[in-house]
Each structure stands twice: as structure tokens, then as C-alpha cells.
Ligand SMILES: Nc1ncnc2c1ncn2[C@@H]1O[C@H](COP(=O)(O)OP(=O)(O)OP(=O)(O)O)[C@@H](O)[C@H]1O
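Only one chain is given next, in C-alpha cells, and it is the form predicted alone.
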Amino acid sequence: MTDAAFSAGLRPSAVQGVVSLDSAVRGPGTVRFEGVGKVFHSSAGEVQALKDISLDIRAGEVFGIIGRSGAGKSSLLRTINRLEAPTTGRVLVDGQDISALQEDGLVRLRRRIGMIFQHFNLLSAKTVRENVALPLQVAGVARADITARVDEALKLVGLEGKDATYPSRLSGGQKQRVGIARALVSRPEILLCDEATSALDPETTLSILELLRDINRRLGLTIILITHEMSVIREICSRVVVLETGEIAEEGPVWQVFGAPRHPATQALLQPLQRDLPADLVAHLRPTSQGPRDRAVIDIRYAGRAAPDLSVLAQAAGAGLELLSAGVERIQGHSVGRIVLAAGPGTDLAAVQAAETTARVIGYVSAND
């Protein structure tokens, strides 16, 4: 079956001969949170896990939810398939308030929402094929249709020929591919990823993220993932929300959040990815000028636009500019980066800042440094 046919399988009557798991017409895969709050009760008292979360996730996008440990990421994700029920507010999937669903409706909802996990959750006594087939068996799908659907899913994740293998013989990346195939075999319209790459090494993480990106592109699934790693968000997501102590700290396109983080929580999460000033420069940097020959150190950051033209800045400066440090990357077609310059004696700093509005003096170094 082609990718188009597999994707069309998201609509019950689109592929002849395939048993439908849901007789209702499928929606496009949108999710809306309206004032969602979640309180957990324990012997130690109440814990406010989520506070007034209002958020729209668009059909077919890859959306990231990030935050430090305890920020509320998992609690928010689990409200989408109602593994957690909000204490306040509501969650709408394709415009439907899922809190109103009775048992049968909830079963149908969960068949429309696939989920993959950090630790794979495979049954060790079952083969790859048996693990992937399990959701269809529980749903009562005919054996012949199960065989065809499992074959399609295994091909999609690149595990042809591994169907008779047991999980103990698989690598971590292969186990996660089995988990992805199992989530896709029911032909969901939404795929939830709960720290899906946290247990993997960096190389395997990249391969799994590339697979998820490919699945999103070929099948048009809405993918919602939670992580504590900004590198994962940068690699695959189009938009991101940052949670901090159960509240939205900031949200927006990934390039924008990376390029100009506003909230301290976002800045802290981005710190491991940011290029700091060279250590030798930091060692010599002083907050004020101590002589006429001192050089001002100018920090320029940019996001969503081309890097500043250094020749224009040098002309505005009226004196020499030395490039001390620079870094640039492309995120979603936008340039995000930082340039650090040393301005020689006699530099017109006001003219430099007029030519480049993000330029700021962060300190001074002596002419000999």
C-alpha cells in the first residue's frame, strides 16, 4: 500500500477491504486547551500541576511541549487522550469536548490518538509483529487485515524482516521504532510522544527524529511531543510552548523562541545550546573602560533575519572592528545567531548601535588583550 493510501486510511472508508476502527468521520487532528488546570491530591496535600493552560495545536503540525522536571509536561500531554482528566477547563479534540465522552466514545478517541513512550513498553514475550499487532487484536480487527496493517507499519518505520524478532534482540532505536509502528498501526490522526528519545544515544535520537519528521510529512499526522531537551525541539518542531511550574512561560515558532527567549525558564533550557563567550575573553572583560586605548566589546544577536553586514557596521564605526566570536544556524528557514566584535579606539558606538539596533556593549578589554 502506498503512503497516500496509508494516510487515507485515517478516514474509515478511504481504503477498501480495511476494517474501520471507528465509524465516525475523522477530524483533521486539532487540539485545543481552554483554561486547563490540574490538581493532584495526596496525603501531603494538593499539588497544582497545571494552571489555566489555553493553547491551540494545529492539524498536521509537529508541536513541542518543553519544561524542566515537574513543569507539568506529562500532565498536559495525558489530558489529550484523557489518561488524566482536567480539574478545571476543557480539552477539545477536533472541536469535541472529550470530557463529555462516555466509555465507548473514549475508546474511539484513544484509537484515534497513538502514543509512544520513553521506555518503549514492549512485551518481552511477544515478537515484533505480535507487539505491533496488539492494538488491532484488542480492537477485534480481522486476522487478514491485521497482517496487512502490521506489514504496512513495519515497512513505514524501516523494520521489514524484523517481525519475528523478540525485543531483547533489538537495539534501543529499533525498540522505539517498534513502539512507533504499534502507535501507527491503528492509523491515528494524532501521535503523542512522551520523552520518546530520552533513553537513546544522540545518533539514535537523530534517526528517530528524522523518522518522526518523515511520518509527519508523508501521513500528515499531528505530532505532539514533550521533552526537556531543546535540541529535540529545534530538530523537529514547528512551534513550541515552554511550561514552568504548570503555567505557560512562553510559546511561539521555534525559531523565534530560540532566537529571542523572553522567560528565564526558556533561557535556562537554551543555555546548553548557546555559544558562550570564549573563556579567555571573559577572563579579560571589564565592566568599564580604564583607558583611551581600551576596546569596547559589542554583542549582536539576531533572529529571523540575515546576519548584520559587517562592512556597514565598520563604516558606521569610523574605526576598525575585530570579529571575536560568531555563530549562526538556520531554524525553519530563519537565521538565528550571535556576533561579538571588538571596537577599536575612536569607534562611534552610537553610530554602530544606530546601524544595528540589537548591538550592545557588554564590557571592555585592553588594547593588548
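A residue's number is simply how far along the shown sequence it sits, counting from 1. This is a predicted model, so every value here is computed, not measured.
Keep in mind the form predicted together with the named molecule is missing from the figure; the text below concerns it.
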Tell me the stretch among 215-223, 74-82, 291-299, 261-269 that has any heavy atom within 4.5 angstroms of the named molecule in the predicted complex.
74-82
Tell me, out of Ile339, Ile331, Ala49, Ile57, which residue has a non-hydrogen atom within 4.5 angstroms of the named molecule in the predicted complex.
Ala49
In the predicted complex, which of the listed residues (His228, Arg111, Lys155, Lys162) lies with a heavy atom within 4.5 Å of the named molecule?
His228
Evaluate Arg68 for contact with the named molecule in the predicted complex, applying a 4.5 angstroms cut-off between non-hydrogen atoms, and reply yes or no.
yes
Just to confirm, Asp145 within 4.5 Å of the named molecule in the predicted complex by heavy atoms?
no
Glu195, heavy atom within 4.5 angstroms of the named molecule in the predicted complex:
yes
Heavy atom contacts to the named molecule in the predicted complex at 4.5 Å, residues of 31-48 in sequence order
Phe40, Ser42, Val47
